[in-house]
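What follows is one chain in structure tokens, specifically the form predicted on its own.
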């Protein structure tokens, strides 16, 4: 599932293509046809990214809410859009360019009240300039749930998915089963700061890289394939720091990865 950096990057790229003028809206697949007829020809005022959600503002109390989920994908480009390909739920086209969306978990026309209720359910998003970590820190401090579960809870912190969860916890030397309330405040604040740093770099580059140059087999030059993570998808591979085999287990319905030596339970 795309994590927060992918959503914010998509919003930034799409603003350059379709925001600020009248937009042709259609639903090649047909599942968004009624809403497309209502929106066709309207001016797209803005695109807001929050966590794993995108909201398109068409004015007159009309917003399109998109959540990509596991299978949602964007295609975009400049000029006239190509022929529809696959099951395209919706396509936006302006004088500058076009954006098409296929396979999303959610693609709905909503009101401003619905938009506000949606965003109110989310925790702070490290990629937003207006985000503050206090709600996340307070929720974690009160919870006996494992920190690996809390980081995947979008009501605690928005935009972190399975890759960033595993990598953030490794970089902080925190075992994913550690109860949230047993963590010191400085540790949680450190997780927030590191999330902001890594997500911002991911938004800029379009890929997730969490390893530091000194910890890679090839520290100079670009990050090579297989060198971008410390623990994610590296089950039984040697830890990059201590050579202990990386462990994995199911947590919050997803596989979490950690180093049993660097991230000792109860540390």
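Just so it is clear, the model here is predicted, and its values are computed rather than measured. Numbering follows the first chain given and starts at 1.
Quick note: we don't show the form predicted together with the DNA, though the next part is all about it.
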| item | value |
| --- | --- |
| Of 219, 238, 69, 30, the one that lies within 4.5 Å of the DNA in the predicted complex (heavy atoms) | 69 |
| In the predicted complex, the one of 35, 208, 42, 223 near the DNA [non-hydrogen atom within 4.5 angstroms] | 208 |
| Stretch from 72-80, 130-138, 173-181, 191-199 whose residues place a heavy atom within 4.5 Å of the DNA in the predicted complex | 72-80 |
| Close approach of residue 149 to the DNA in the predicted complex, 4.5 Å, heavy atom | no |
| Residue 100, heavy atom within 4.5 angstroms of the DNA in the predicted complex | no |
| Residue 91 within 4.5 Å of the DNA in the predicted complex, heavy atoms | no |
| Heavy atom of residue 169 within 4.5 Å of the DNA in the predicted complex | no |
| Residues within stretch 162-196 having a non-hydrogen atom within 4.5 Å of the DNA in the predicted complex | 162, 163 |
